[in-house]
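Shown below, as structure tokens, is a lone chain in the form predicted on its own; questions about how it binds or moves come after it.
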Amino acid sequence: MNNSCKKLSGLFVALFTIALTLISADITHAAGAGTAGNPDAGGKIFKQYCAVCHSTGTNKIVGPGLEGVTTRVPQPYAEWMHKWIKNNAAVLKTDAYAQKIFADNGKVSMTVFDGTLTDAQIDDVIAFLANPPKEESTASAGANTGGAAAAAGTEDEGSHITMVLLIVVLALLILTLVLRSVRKSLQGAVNKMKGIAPPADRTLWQDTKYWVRTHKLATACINLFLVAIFLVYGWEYLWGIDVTPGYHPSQPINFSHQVHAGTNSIACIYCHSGAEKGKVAGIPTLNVCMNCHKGIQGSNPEYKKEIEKIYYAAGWDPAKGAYSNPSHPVIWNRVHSLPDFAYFNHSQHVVVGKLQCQKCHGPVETYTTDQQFAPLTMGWCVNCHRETPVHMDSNGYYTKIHQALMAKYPGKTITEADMGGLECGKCHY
């Protein structure tokens, strides 16, 4: 009897444990995933259909921010949200919570997605909102790749060469002093053996003057050599004034090209619209930033901090969804600066020449804050004109010139140099 009871008790405990496990799994599933939807697919659908009016944060755009929405709506949230997204107009007729949020948000009607999104797509959106992706922190500004890394390598190499030269000079100086002492000792010993007075005790400066007087040809050669070195290094120094590849100033807002142009593949022209229309590419206004950041607040603390700076500058109140705060100017630090006597037109190179931004600015999509990549010297530009082939079909305005050049240089690749790209007046007038 006792054995039977023990067996039954054990079986009961096992069944109870299994039941608790299944219930816990069900609760976890309901609290976590909620639906069988695909969050990745839901994210794409959300960007296409929902991001115009809703953010995944707390800020209001047209409708409320959707951070934590699965805990605010009636439960089970997946069932209620599915009905709401599919046909919110029908839910509004009978649901008190739906009527409340409708009134709280200015009674702005939401799009009815019945017939636009399938049930599976709606489940994907709900899964995305239940498990929004977290942004990863980017490397610090000092960890930029591309031009900054190359510049850092060049700087380290230059420092290494300078250190080696200093060590060599110091070693030669010590060797000179040692040899001078040895010579003086040997001369004293020789004089003692010959029974004559020891040599006069002269200073190093006196010895140097004596050597110069007695070795005039060698002194002249050494002076010519030193003057040549001074002229070469002086010329290099003067030529390098304001030539600063790798220059990477700090900025009031740490705008990351790596996140925008790299991760999110935003075209350069979207922000720098002047590049295909005029001389200057231009710094985008805060209105361009706010086109996206009305809804995108960032989930990473590092991003949030920088986006808050945009809101402060633009006077945007994310809680109210309005420009109700005072605006403040952003004082950017200039990165590229051509001298006034050199003319450069972005549109000529971007539209007609069809050059990629990376040609002059390097792998911008890997940078955090911007930096200078190319030296932008006259020699660098002239060399580019000599090597860059012309797009013969780029602009009908040049058709006649292109045909004449192809007839003049049959079988030759026509470069900018052949188009007059080396004429002084092209850049200096």
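Rigid core here is just the name for the largest C-alpha set that superposes within 1.5 Å across the two forms. The numbering used is simple: start at 1 and walk along the sequence shown. Bear in mind the structure is a predicted one, so any value in this text is a computation, not a measurement.
One more form of this protein exists, namely the form predicted together with a small molecule; it is left out here, but the text below deals with it.
The chain is drawn here without the small molecule; in the predicted bound form, the stretch among 80 to 88, 183 to 191, 314 to 322, 227 to 235 whose residues come within 4.5 Å of it by any heavy atom is 80 to 88. Checked against the small molecule in the predicted bound form, the residues K216, R72, H328, R202 give one hit for a heavy atom within 4.5 Å, which is R72. Listed residues T118, T162, S337, T208 were compared with the small molecule in the predicted bound form; S337 is the one with a heavy atom within 4.5 Å. In the predicted bound form, the small molecule sits within 4.5 Å of a heavy atom of P64. Proximity of G282 to the small molecule in the predicted bound form falls within the 4.5 Å heavy atom cutoff. Contact annotation for N223: none of its heavy atoms lies within 4.5 Å of the small molecule in the predicted bound form. Though the partner is left out of this view, V52 does reach within 4.5 Å of the small molecule in the predicted bound form, counting heavy atoms only. The two forms, fitted on the rigid core, differ between the shown form and the other one by less than 2 Å at the CA of P363. After superposition on the rigid core, displacement of the C-alpha of F102 between the shown form and the other one amounts to 2 Å or more. Core-superposed comparison between the shown form and the other one: CA of V112 displaced by 2 Å or more. Relative to the shown form, the Cα atoms of L286 and G65 move apart by 3 Å or more in the predicted bound form.
Distance between the C-alpha atoms of I61 and G262: shorter in the predicted bound form than here (change of 3 Å or more).
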